[in-house]
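Form predicted on its own, single chain, as structure tokens, below.
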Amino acid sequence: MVVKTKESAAPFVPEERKLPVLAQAVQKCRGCDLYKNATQAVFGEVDGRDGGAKPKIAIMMIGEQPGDQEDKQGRPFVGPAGKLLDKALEEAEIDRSKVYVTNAVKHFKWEPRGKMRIHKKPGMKEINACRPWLDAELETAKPKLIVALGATAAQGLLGSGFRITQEHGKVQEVDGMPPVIATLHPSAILRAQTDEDRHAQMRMLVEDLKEAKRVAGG
């Protein structure tokens, strides 16, 4: 009888808590099967950099997973959603150089559609398997505040019952973690059906980010 072991990234996470060390180690992660179809793992970064040994980070933003462009370039939030996030940060007057961006899942989960690779939502098994990397990032970056972008990141941190539509922009307290504010993922705004919806959702994101700035101390 074959006993299937629990999928987890834990054996691949080094003890040393330096972001460049973690970013290098994640490329060898086999904690779940997503690595098999991904170009590379995509770790977090600060304004295009790995943050160095002692980063000064006010806010850590956590999305769902890398997208097609992120998977190809090896960097988080460099596709259309990333460009919209940059715009929202600018409108909220948040210093991008003090924001660490990452994802709950480090490999791109996708399904083929013709020649395109279409985003496929990661399951809780994959989110839980990848959690040791996120925990290591939190321990290393020591942000004052976490901003969860979208339902996957929010529910991974705050529980499956959390609803962004009802609780967005409000400070959530979780034992052992910095305060958390959840808001929309920029990709949700890009998928809005009408211009009116898109503008309303963008306003919501910017207002939530302004609250995040206030809580993180400007």
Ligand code: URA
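In this text the structure is predicted, and so the values were computed from the model without any measurement. One rule holds for the numbers: they count along the sequence shown, beginning at 1.
One more form of this protein exists, namely the form predicted together with uracil (URA); it is left out here, but the text below deals with it.
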Using a 4.5 Å heavy atom cut-off, state whether E45 contacts uracil (URA) in the model of the complex.
no
At 4.5 Å between heavy atoms, is A81 in contact with uracil (URA) in the model of the complex?
yes
Any chance P143 has a heavy atom within 4.5 Å of uracil (URA) in the model of the complex?
no
Please check if Y100 has a heavy atom lying within 4.5 Å of any heavy atom of uracil (URA) in the model of the complex.
no
Would you point out which of 70-78, 87-95, 110-118, 135-143 contains residues with a non-hydrogen atom within 4.5 Å of uracil (URA) in the model of the complex?
70-78
Can you tell me which residues in 122-150 come within 4.5 angstroms of uracil (URA) in the model of the complex, by heavy atoms?
none
